[in-house]
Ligand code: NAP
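The chain that follows stands alone, in the form predicted on its own, written as structure tokens.
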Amino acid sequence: MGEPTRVAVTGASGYIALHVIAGLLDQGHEVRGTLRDMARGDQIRTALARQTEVSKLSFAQTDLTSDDGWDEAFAGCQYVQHIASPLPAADPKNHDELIIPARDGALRALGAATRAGVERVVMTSSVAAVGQGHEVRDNFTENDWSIETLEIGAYALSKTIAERAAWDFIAGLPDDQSLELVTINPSLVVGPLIDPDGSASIEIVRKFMAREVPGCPRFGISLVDVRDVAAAHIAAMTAPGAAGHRYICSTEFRWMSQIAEQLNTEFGPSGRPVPTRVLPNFAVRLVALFDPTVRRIVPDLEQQRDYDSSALRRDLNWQTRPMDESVRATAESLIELGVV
């Protein structure tokens, strides 16, 4: 770790951002978190105070869809963690509702970082910008990009377009301006919540724990612990060789039935049974007519996409927790914070 400095973290109330902020504060950095609604500041500070010392935490107001406040937020910062991006539980009917704020927000952050003399921006992307629109396979790497078609869904399209726009911005900087960029591309993020508002990414575990689904679809997904994602962001901020790279951040693939079996085994005996029967595909499609979160998984029933995180492990010495621990911690925090 380098000397403590000032770091701006966008979207400070978000699931990943809160863990990044906690990690930065633990290392002694001064953190300026950006919020769309400054009224959230006290709640966020209180939540983080249960994790770490918050005397070096301050907030500034920005919005992905507005030019206001970005220069002030990044003033005096050596690094920026650009994490803010819309992540709804279900895709909107109009893809632009996600694409415009994701792309334009990234460009606003990079523009302000350039004007502020920031050394490096670490930007949160997603494996949704890597493997969507391709034939399913088990070896997607950072060289792969999702195919920009409406069929991949609004979220994947927004992440792909925003990340490409960010790299194009860096490539287009004049010779007398310099700004380093690293992107972190996580798979589905699980793990403990710091604030009960949570994230759409933990909906799978929440729905099982709340018994909102009758069983397990024949669906699986690559997972990663939010604490490991935060560690990747922080390591990428200062690692000399990380600049100019995108890094897949994923631990392992799991079928929904595996997640449900673990949750039922660990929490069922204490009065929180989880449905474990495997649902036929036609039943999942029927539920999807009424549940937009379920609707999102229908195209990937019985498909397995695996992502290669070897570059992150090699370049940044990235270590990951066992996925059983991550799933357990997700459920425990949902219970502790009264979400389920």
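Only a predicted model underlies this, so the values are computations on that prediction, with no experimental measurement involved. One-based numbering along the sequence shown.
If you look for the form predicted in complex with this ligand, you will not find it shown, but the lines that follow are about it.
Partner contact region in the predicted complex: 152 to 160, out of 236 to 244, 152 to 160, 139 to 147, 173 to 181, criterion any non-hydrogen atom within 4.5 Å of this ligand. Only one of R313, R40, R295, K56 lies close to this ligand in the predicted complex, with a heavy atom inside 4.5 Å, and it is R40. Distance criterion of 4.5 Å from any heavy atom to this ligand in the predicted complex singles out S199 from the list Q78, S199, Q258, T114. The candidate spot formed by F253, S309 and S326 lies out of contact with this ligand in the predicted complex, as no residue has a heavy atom within 4.5 Å of it. Among heavy atoms of L87, some come within 4.5 Å of this ligand in the predicted complex. Although the partner is absent here, P186 lies within 4.5 Å of this ligand in the predicted complex, judged by heavy atoms. Not displayed here, this ligand is approached by T124 to within 4.5 Å at the level of heavy atoms in the predicted complex. In the predicted complex, at least one heavy atom of R36 sits within 4.5 Å of a heavy atom of this ligand.
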